[in-house]
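Shown here is one chain on its own, the form predicted alone, set out as structure tokens.
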């Protein structure tokens, strides 16, 4: 048995790169060319492979470390043929890598003459990689492009890399889109302007490189400009569309693992370093889908739409009418957004399965609104704006504590009474309604609730809410106060047992025993599950909520 130091191989002209992922641990048995760590520069992320097979004895690096060529990654205990190989200082991964010329070596010394007018930018030599996916578009038509500026990011099974422009000018047209598959010589973009002198790139060597060479390929791409036009020796290649979009952060090996399992990475929440998706995240997602705890978007899309089912949605109803609307006049068809597809199926289930009952009441918020306005003036410099919805969340927390059956869920023939208090609020976005959750609202003040609401609402509008941001709610508030209306009947968000709807407040005359006084009145609409809550409890809940909003000091009791 012999101990071998595995070092960082030649990674091109990068001085130092950052360790962003550890792919093995002490005690693991690794094969030659198996990836050990993932590193990242400002241009590319790449996996560093092992030059030998053996058992990992000690890992010499940790997350966020800076490494370069020759840095020791880990120590292997090798057996058999590998045991006879002595570690060489600052060695490259394997002799076979040295037999294949790097892309940089393929550059001819003679520059191509400068060109003016429309300039075609092609995919340069990217090593022995083939059919790489476009995972990010970094520019748009009309942008001014500098020579060597990155245009797109592509990804193989081993590395992701940025493809630079071989010329400077104004981007007139982009010839690829997210998910396209590209190869060397494919047309990427058309620039208008003067191209910088660039070196001619020789045709890539046909000799296949081992996986260790993959680590150096992204660097070569970043440093070697593409020819102004495709070399005559390169065959024409039309990009083909792959069913992928803008994927979240994950190493190439994790993405390959997800593809093998058929896991949609866009739906997996990453728990790794800086939110990266780990193999454990992929496995946990797979387990959750198999147990029915969650459904993928594909499963939701394949599920029959309740309104369009031919048999009356399984309830012995008349079939949904099939109508050719175009015979009555011009029509336009628009696909439902992803959010509406998912929420529509859930809302239909909740409406059918839950026996809804509705209570409507009014709350006098005259003093509370005056206090809110005063506090916003005093805290103007803090940047946190108090909203009436934040006060409603805090008031609802007090009501949920007084009436714990509202902070519950049905589980078969058992009632689960929750000892925590997470309150959700409906947020309107361009793609549909989403429901982010304020966690532990009972432990937070109104200012902190307002701040978190603002952050979650921004994430919702930007489409960046994670599944964790929308899970675990005990009670939901749906507010139409900024729009209008008087009362409405919101649908309960299962497995919750109640939801509060709020409309726009308005000044109304209220009799005080002697005269009518102008008071600011807030309409309240409470929907509740009659399997858990009865009418008397619902009436008391609404009345108590109105008392708190009329005199917010009751929250302290």
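Given the structure is predicted, the values throughout are model-derived calculations rather than measurements. Positions refer to the first chain, counted from 1.
Here the subject shifts to the form predicted in complex with oxidized coenzyme A (CAO), a form of this protein not shown in this document.
When contacts are judged by a 4.5 Å heavy atom cut-off, residue 179 does not count as touching oxidized coenzyme A (CAO) in the predicted complex.
For the chain shown alone, residue 57 is not a contact residue for oxidized coenzyme A (CAO) in the predicted complex, no non-hydrogen atom being within 4.5 angstroms.
Using a 4.5 Å cutoff between non-hydrogen atoms, residue 426 counts as a contact of oxidized coenzyme A (CAO) in the predicted complex. For the chain shown alone, residue 481 is a contact residue for oxidized coenzyme A (CAO) in the predicted complex, at least one non-hydrogen atom being within 4.5 angstroms. Partner contact region in the predicted complex: 504-512, out of 58-66, 27-35, 504-512, 44-52, criterion any non-hydrogen atom within 4.5 Å of oxidized coenzyme A (CAO).
Only one of 389, 78, 289, 438 lies close to oxidized coenzyme A (CAO) in the predicted complex, with a heavy atom inside 4.5 Å, and it is 389. Screening 261, 170, 433, 174 for any heavy atom within 4.5 Å of oxidized coenzyme A (CAO) in the predicted complex leaves a single hit, 433.
Residues of 341-380 that come within 4.5 Å of oxidized coenzyme A (CAO) in the predicted complex, judged by any heavy atom, reduce to 372 alone.
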